[in-house]
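Just one chain follows, in the form predicted alone, and it is written as structure tokens.
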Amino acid sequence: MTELLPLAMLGGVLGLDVVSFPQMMVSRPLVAATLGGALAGDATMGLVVGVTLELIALATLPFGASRYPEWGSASVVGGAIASALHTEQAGALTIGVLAALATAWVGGLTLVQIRLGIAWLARRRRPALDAGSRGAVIGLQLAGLTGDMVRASLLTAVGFLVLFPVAEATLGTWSLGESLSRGFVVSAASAVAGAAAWTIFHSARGARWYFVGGLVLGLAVLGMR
């Protein structure tokens, strides 16, 4: 568990990037899971988890008043768990992805709570804000940023502490082979990504033919490897 503090710090920074600051896209699963895996000892396994989660995250449109999973901290947890498990064993990828999905769901709930907390602070400082107080504005911003980073750090630490023993116990009873295990999770993630992509661009002229063409080309390249 020596990597818990670095993981928590990484999760806090990447969780902050999701909405608050600086929104540099480093909280995307591809990056976050790879970094989490690297801290746990296997960046390659973290990358594989990140690619799989990225397919699922395509269905998330984080704007406006929508509620959505918090992928930054969750991907750190998933990548770290899959990498901390013995990655030559079947089921490590599947378990890591499931751990990330569970953490992302809880993370989405914590995002709602942090927003409610910021709204509560804003109401308390309403007179100063109405008066145009620079200090009140800066203080409110710093409180929001600090709260969001603490939220993400705690989510990462608690998520890893709670889910890693469960992951180890699950891996000990895993009976599916490596090919079937990986094929199942990748197929499910690809289906989610395909549905999300179609929802976004299906109304564009000729989109279905570009989509089918790209799919056929991708499968052809995959088959040639």
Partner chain sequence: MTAATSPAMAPAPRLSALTWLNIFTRTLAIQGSWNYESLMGNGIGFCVEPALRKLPGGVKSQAFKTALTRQSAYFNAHPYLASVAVGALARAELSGVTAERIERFRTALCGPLGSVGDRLVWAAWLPFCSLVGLLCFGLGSSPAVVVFTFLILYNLGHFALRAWGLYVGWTRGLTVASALGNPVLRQGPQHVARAAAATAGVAVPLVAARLLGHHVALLGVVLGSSAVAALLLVRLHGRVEGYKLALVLIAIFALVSVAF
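Bear in mind that the values here come from a model prediction, so they are computed numbers and not experimental data. Note that the rigid core is defined as the largest set of C-alphas that superpose within 1.5 Å between two forms. Positions refer to the first chain, counted from 1.
The same protein also has a form predicted in complex with its partner chain, omitted here; what follows describes it.
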query	finding
Residue 192: touches its partner chain in the predicted complex, heavy atom cutoff 4.5 angstroms	yes
Distance check, residue 5 to its partner chain in the predicted complex, heavy atom within 4.5 Å	no
Its partner chain contact at residue 77 in the predicted complex, heavy atom, 4.5 Å	no
Touches its partner chain in the predicted complex: residue 159 (any heavy atom, 4.5 Å)	no
Sequence-ordered list of residues in 96 to 126 near its partner chain in the predicted complex, where near means a heavy atom within 4.5 Å	97, 98, 101, 102, 105, 112, 115, 116, 118, 119, 123
After fitting the core, residue 217 CA displacement of 2 Å or more between the shown form and the other one	yes
